[in-house]
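First, one chain by itself in structure tokens, the form predicted on its own.
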């Protein structure tokens, strides 16, 4: 590291400031003796606390439901087989399974749908609270009227694999799960999207497409929605998802409704 970072330089003259404007990464932190400057240490501790809070934060389905006000689709609440947050964190397998009440509730709405959207807490309820409803609305705006959409599900104590059970129970050809990602020290509110064609228990991550880091400071929700809508169209057209489905959304000539 440059010796400049070992000296007390006015913030306006700090040569690292130009680079910091382009990244949330912790670069050019400097040092005081063998430790970090107090300001940088406090920033780290705050980021770590926000990440921990995001993991342990209780999911509030009603908050997300209120943000979906006006959506022309039924909204259902489901819960994984993990009864509480500590169990969810210690038993990832239970987060991939529906509890009995949820299986029964979804069965009442089973049909033949093109897609089922799932908004889930995952490892960051904060991300789902802040970005999931808006991202879903943007996706629907890009899709148009040619899709039959299952009731939207709000999933508590959910892992990505829970989408397979939900999609299978509803009779959906494709699932699109918007779920809070594992928080980082610079991204406690990062939302991920997982697309799975032919959802059923036992699907692996190789069978899914992922759009990650959806948040204003990462992949803007508007850009994410366009990418997700493109992948949905291609998935339905080809009847697959995962490693066999390539993302060519950067080519505008390949984006169709």
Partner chain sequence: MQTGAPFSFERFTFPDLKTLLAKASPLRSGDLLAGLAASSDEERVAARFALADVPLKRFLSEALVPYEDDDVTRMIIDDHDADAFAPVSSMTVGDFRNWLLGDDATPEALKHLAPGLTPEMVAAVSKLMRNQDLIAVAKKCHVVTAFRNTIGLPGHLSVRLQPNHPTDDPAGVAASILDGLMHGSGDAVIGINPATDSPEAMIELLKLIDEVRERIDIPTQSCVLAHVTTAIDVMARNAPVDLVFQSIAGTQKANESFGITQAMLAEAEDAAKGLKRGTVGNNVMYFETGQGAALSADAHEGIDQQTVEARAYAVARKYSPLLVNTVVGFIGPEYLFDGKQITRAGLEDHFCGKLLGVPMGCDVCYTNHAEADQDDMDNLLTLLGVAGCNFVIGVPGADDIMLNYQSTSFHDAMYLRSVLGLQPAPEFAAWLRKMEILDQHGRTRPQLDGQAAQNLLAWSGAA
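Residue numbers count along the first chain shown, from 1. Source: prediction; values computed, not measured.
Unshown form predicted together with the partner chain; subsequent notes refer to it.
Checking 166-174, 91-99, 143-151, 107-115 against the partner chain in the predicted complex, the stretch whose residues place heavy atoms within 4.5 Å of it is 91-99.
Against the partner chain in the predicted complex, the set 35, 123 and 184 is in full contact: each member has a heavy atom within 4.5 Å. Proximity of residue 221 to the partner chain in the predicted complex falls outside the 4.5 Å heavy atom cutoff. Interface residue remark: residue 24 is counted as part of the site for the partner chain in the predicted complex, having a heavy atom within 4.5 Å. In the predicted complex, the partner chain lies farther than 4.5 Å from every heavy atom of residue 65. Contact check for residue 52: a heavy atom falls within 4.5 Å of the partner chain in the predicted complex.
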